[in-house]
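Next up is one chain by itself, shown in structure tokens, the form predicted on its own.
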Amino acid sequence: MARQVKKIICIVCPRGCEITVEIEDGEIKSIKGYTCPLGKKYAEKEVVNPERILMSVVKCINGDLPVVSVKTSKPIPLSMMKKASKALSDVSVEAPVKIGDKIIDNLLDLGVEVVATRPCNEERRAE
């Protein structure tokens, strides 16, 4: 029987509870240290299938900035972050781009959009 203990700092609220999760043979046996149900749910998710919002940049063609910042519309599996970052490195958009513009409709078939978090205006050309 493989027993494992993971300590997690909850990030759901400002309390920052230190949660201890005991895992045996891949199954959660106990969760201690949370002060609300959200903390327990966060700890369960964090040990079973951790997820994060991906924040990155994509190239902005003919823009006043060389890149535009983007983020995923919801968290993606932590195990997919590297692959998702690589996919974004190959993306470019044409200026103008507004905050909230959809850059990618379905990132890596995860059902997650990638949206702009900063505007990229058209480059002003000298006359």
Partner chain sequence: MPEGITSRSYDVVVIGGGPAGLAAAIKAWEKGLRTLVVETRDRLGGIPLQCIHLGFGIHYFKEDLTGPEFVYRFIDKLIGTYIDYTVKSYVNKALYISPFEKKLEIITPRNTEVIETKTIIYTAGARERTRYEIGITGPNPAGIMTAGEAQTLMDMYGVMPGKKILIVGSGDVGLIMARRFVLEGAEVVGVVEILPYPSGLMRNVQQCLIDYGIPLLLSHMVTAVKQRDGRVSSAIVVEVDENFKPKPGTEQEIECDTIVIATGLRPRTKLLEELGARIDPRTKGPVVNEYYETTVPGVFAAGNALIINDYVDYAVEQGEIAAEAAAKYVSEKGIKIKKPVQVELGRNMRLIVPQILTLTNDALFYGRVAKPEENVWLIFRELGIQIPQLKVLPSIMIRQKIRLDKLEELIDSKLTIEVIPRG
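For the two forms, the rigid core is made up of the largest set of C-alpha atoms that agree within 1.5 Å on superposition. Positions refer to the first chain, counted from 1. All of these numbers come straight from a predicted model, not from anything done at the bench.
There is another form of this protein, the form predicted in complex with its partner chain, and it is not shown here; the text below is about that form.
- Relative to its partner chain in the predicted bound form, residues 4, 47 and 111 are all farther than 4.5 Å at every heavy atom.
- Only one of the listed residues (36, 95, 28, 67) places a non-hydrogen atom within 4.5 angstroms of its partner chain in the predicted bound form, and that residue is 67.
- A heavy atom within 4.5 Å of its partner chain in the predicted bound form is found for one listed residue only; from 41, 71, 32, 102, this is 71.
- Shown alone here, residue 20 lies farther than 4.5 Å from its partner chain in the predicted bound form, counting heavy atoms only.
- Contact check for residue 85: a non-hydrogen atom falls within 4.5 Å of its partner chain in the predicted bound form.
- Using a 4.5 Å cutoff between non-hydrogen atoms, residue 107 does not count as a contact of its partner chain in the predicted bound form.
- Within this chain, residue 61 is remote from the site of its partner chain in the predicted bound form, having no heavy atom within 4.5 Å.
- Residues of 103-124 placing a heavy atom within 4.5 Å of its partner chain in the predicted bound form, in sequence order: 117, 118, 119.
- After superposition on the rigid core, displacement of the C-alpha of residue 112 between this form and the one not shown stays below 2 Å.
- Here residue 103 does not count as shifted, since its C-alpha moves by less than 2 Å between this form and the one not shown after the core is aligned.
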